[in-house]
Structure formats: structure tokens, C-alpha cells
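Taking the form predicted on its own, here's one chain by itself in C-alpha cells.
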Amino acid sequence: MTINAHEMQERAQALATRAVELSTADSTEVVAAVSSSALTRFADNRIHQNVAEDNSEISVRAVVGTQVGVAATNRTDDDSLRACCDAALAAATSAPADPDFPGLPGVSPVEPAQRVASGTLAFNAEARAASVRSIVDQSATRGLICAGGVKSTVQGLAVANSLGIDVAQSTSGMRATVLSMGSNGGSGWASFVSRDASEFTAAALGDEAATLAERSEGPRDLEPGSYAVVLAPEAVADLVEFLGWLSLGAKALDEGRSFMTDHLGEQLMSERISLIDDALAPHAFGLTFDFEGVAKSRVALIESGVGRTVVTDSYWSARTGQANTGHALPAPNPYGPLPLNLEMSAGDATIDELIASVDRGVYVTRFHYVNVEDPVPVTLTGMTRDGTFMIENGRLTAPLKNLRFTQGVVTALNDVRGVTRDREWIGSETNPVLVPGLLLGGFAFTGQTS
């Protein structure tokens, strides 16, 4: 049966407006989501789990003066909605007053966008199983074993408040991952993300991972040191996501936790690096409004290496005097506004051309278990995984054992020697990042992990 995204959107909107009507707070905001998600997981070359979930979630933010409280429920009858509103009101009356709270935002015109693909609506259990079969065949026929998952999500989300906001939108997305493994230390990873499941070619994804696994058999050691690196988009995505989370929101900037604090307008990275957050682009995923119902704006965060600005929401807009860019997260939110539609601009090279330009360096398919060592320079530590190779005289040569790294992202992005023209969506099926491959002049590897 094909999912009806329009009905989900209408249902979410009805729940949001009804909850606002039932609230007795001074002012009220409601976020309602009606979603349908399904996941088929596989391991040891066979499906081992097939799950699906239909859910409705309602979050109520009640305001009394400058006191704010939040409560949530997944029960949708009037009695349950009223009880949720009462719980939010009770939380607000118990909360300390926040003199900086500007009140809920008013109405702003929201740009409509078609974010649902019929191919994803029809991507049922049989289609997921057939995709898994095609993925698995690429490993099984080569004596490899593989694991991963194929997931789809369709959602209708609405935001309403007592100041007149009443917006809703439906979205769809799918994601597939595969890890292929050999008997002599080889492993390969591949992923695919799209709004439209009909764009997914499962056999090609399985072949990509299996080929990497075969090629990385019998890895060798590499001495610690700083090496030129070619990062595949999967690895670049980690760097971009941490930049967004740690540094590109108004709260981090105001509290001095961003590398751009006191440095807006300065050259902070290579001229090859531009980062934007653009929920309005035709290819974008997700909503064109934030979780306060405010219209999202296209925000140029870093232009040709120059730090330009950060994203805001209603609270941090009022507190800092910057325009509200429409980047609020669901309340309660300790992180402040964050960019959820990040893109890194493309270059003019192919990944093979980047490799060909390196005399001696390292190729990284992806990173794993990445953590923050120092948030201000965005220093990360983690390891490579599932396809790490030596580059010698412009060619991929020996596979390498996984490497531990500790590297400041801002420093690494100061020495960018090449950017691919092709970009890939990497991340979740709801808010991935769009990134190219990169050639960096130096990346600090501190030891082996296996």
C-alpha cells in the first residue's frame, strides 16, 4: 500500500491547531508530527530484521509571562491533548522567569516546496527486501559478508501557535548503508541518501562496498605523522557536521565557543571553501520553516573562506540583534539554533584527479567514532575505517590499517588543494549534508587502531 503524505500533513496540522485551542497558557506553540518509517536490516548476508512504525507526536510549549514549559505526548484524543497542554502549563509556572525570552514569534510567509517523492511513498517491504538482495549478492558472490540497512521515512509536520502561525509540510527520504567484509582485514563502506527511493541503484551500492573490501585486504602499518589526504564525501561530511553543530549557530558565537567569535569578516579557511545553509534550494531535504514555524532563509555562513554569519532563531535573534534566519530546533533546546541544510560548494576536479595530484598521502573513505577534543578550533579525534589506502605517485597503492587522527578542522580547511565537482548527500534520510570530496595538504594521524 502506498503511503498518503498529504493526509499525514493534514492530520499533523489538525492536531497542532487543536492543541493550541485547548491550551489555557498566556501563549502556546505546538509542533505535531505524523510519520511512517520502515527499516530492513541485514547481516551475515541475510535479512535479520524488518520493522515499521507509524506514530504521531505532539509537543506543546506553554508560555506564562517569561516562564516557559514543554510537554509531549503521542496520544491524539482531546483529553490527552488537553492533559499535555496542562502539563506544559504546570512546567511553565514552575520554571524560572527568563528576562531574555522575547515571546513566541509571529507569522512570516513560508515558501511552499514539494519535498515528497512518489518513489519513496511506494518503497514498501518487498522493494526494500529486493534492494537488500541486490546489495548482498555483490558481496556473497565474491566470498565476502556484508551488513547494513535500508530505511525510508515519510512525515507530515505542522507548527501552530496562538499568535497566528499555522504551517505544515510533508517530506520523504530514504537511506541505505552497507559494510562489506573479507577474511583478511578488508572492509568497505558505501551509503546512499535521496528524497526519492526510485533513484536508488542497490547493486551499484553493494558493488562499491564489496570492491573496497576486496581492495583493502591485507592492510599494512603507517607511521604517525601529517600527510596529505584525499577525503571521500563520507569523510568530509563528518567535518562539515561538526562545524555546523559546534560553531555555526548564534548561541555558540555569542558565548565565545565558535571559531568565528570576534572573527566575522576575516579569512578563516581556504578560498576554496564555501558553506551555506539553504532549505529553499530545489534539491534540499526537509522543511522550509523551522520548529517555531518561522520561514527559513538561505544563509551564507562561509564565503570563499571568509566567516560571514551564523544561523539564528527567535530567542537568539532578539538577544543578539541579528535577523531571525529560521533555524530553531524543537523546544526545549540546549543547543540554540543550528544549520540543518548544510552544503559545501563544489570544485572542478574529479576524485581521481585529486588522487593523481598527490605524490605521497592517504585516501580516506570515511571516519568512525569521531569525538570533540576542543570545540573552539573544532579539533576532532577519531579513526579511519572501511577503505583507507596509501597514495603514492598519484595512485592508490597499499591498503592501510585503520588510523587514529587528532586534527583541527579549521586548520585542515586552511590548506585545501582540490575540491570535486561531484557532491553527495551524506547522513540521515531527513537532514543530510551535501558535500564534495577534498584534497587537504595536511592531516595529523597519531597512530594505528588495528
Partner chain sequence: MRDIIAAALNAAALSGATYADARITDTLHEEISVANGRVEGIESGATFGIGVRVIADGSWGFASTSAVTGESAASAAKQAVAIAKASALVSRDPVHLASVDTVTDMWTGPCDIDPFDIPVKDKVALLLEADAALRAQEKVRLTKAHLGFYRISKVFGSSEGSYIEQTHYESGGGIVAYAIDGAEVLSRSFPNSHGGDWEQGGWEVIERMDLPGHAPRVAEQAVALLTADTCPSGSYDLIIDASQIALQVHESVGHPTELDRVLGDEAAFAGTSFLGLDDLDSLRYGSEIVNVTADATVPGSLGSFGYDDEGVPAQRDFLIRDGMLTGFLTSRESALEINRTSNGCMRADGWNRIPLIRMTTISLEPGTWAFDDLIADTERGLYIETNNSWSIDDKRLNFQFACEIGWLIENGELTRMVKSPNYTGITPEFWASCDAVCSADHWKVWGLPNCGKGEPMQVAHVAHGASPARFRGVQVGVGR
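Positions refer to the first chain, counted from 1. What you see is a predicted model; the values in this text were computed from it and never measured.
Not on display, but discussed next: the form predicted in complex with the partner chain.
Check: Taking R195, R360 and V416 as the candidate spot, are all three within 4.5 angstroms of the partner chain in the predicted complex by heavy atoms?
Finding: Answer is no for this spot.
Next item on the list: Using heavy atoms only and a 4.5 Å cut-off, determine which of T288, T309, S314, T73 is in contact with the partner chain in the predicted complex.
Entry: Among T288, T309, S314, T73, a heavy atom within 4.5 Å of the partner chain in the predicted complex occurs only for T73.
Check: Out of G244, G119, P105, G148, which one falls within 4.5 Å of the partner chain in the predicted complex, going by heavy atoms?
Finding: By the 4.5 Å heavy-atom cutoff, the listed residue in contact is G148.
Notebook entry, point to check: Looking at 325-333, 229-237, 293-301, 204-212, which lies within 4.5 angstroms of the partner chain in the predicted complex, counting heavy atoms?
Noted result: This holds for exactly one stretch, 325-333.
Next item on the list: Look up in the predicted complex whether E126 has a non-hydrogen atom within 4.5 angstroms of the partner chain, and give yes or no.
Entry: Looking in the predicted complex, residue contacts with the partner chain include E126, since a heavy atom lies within 4.5 Å.
Notebook entry, point to check: Does the partner chain come within 4.5 Å of any heavy atom of A52 in the predicted complex?
Noted result: Although the partner chain is absent here, A52 would touch it in the predicted complex, with heavy atoms inside 4.5 Å.
Notebook entry, point to check: Is there a heavy atom of T449 lying 4.5 Å or less from a heavy atom of the partner chain in the predicted complex?
Noted result: T449: contacts the partner chain in the predicted complex.
Item checked: Contact of T406 with the partner chain in the predicted complex (heavy atom, 4.5 Å) -> Judged by the heavy-atom cut-off of 4.5 Å, T406 is in contact with the partner chain in the predicted complex.
Note to self: Do any residues of 234-261 have a non-hydrogen atom within 4.5 angstroms of the partner chain in the predicted complex? If so, which ones, in sequence order?
What the structure shows: In sequence order, K251, E255, G256, R257 come within 4.5 Å of the partner.
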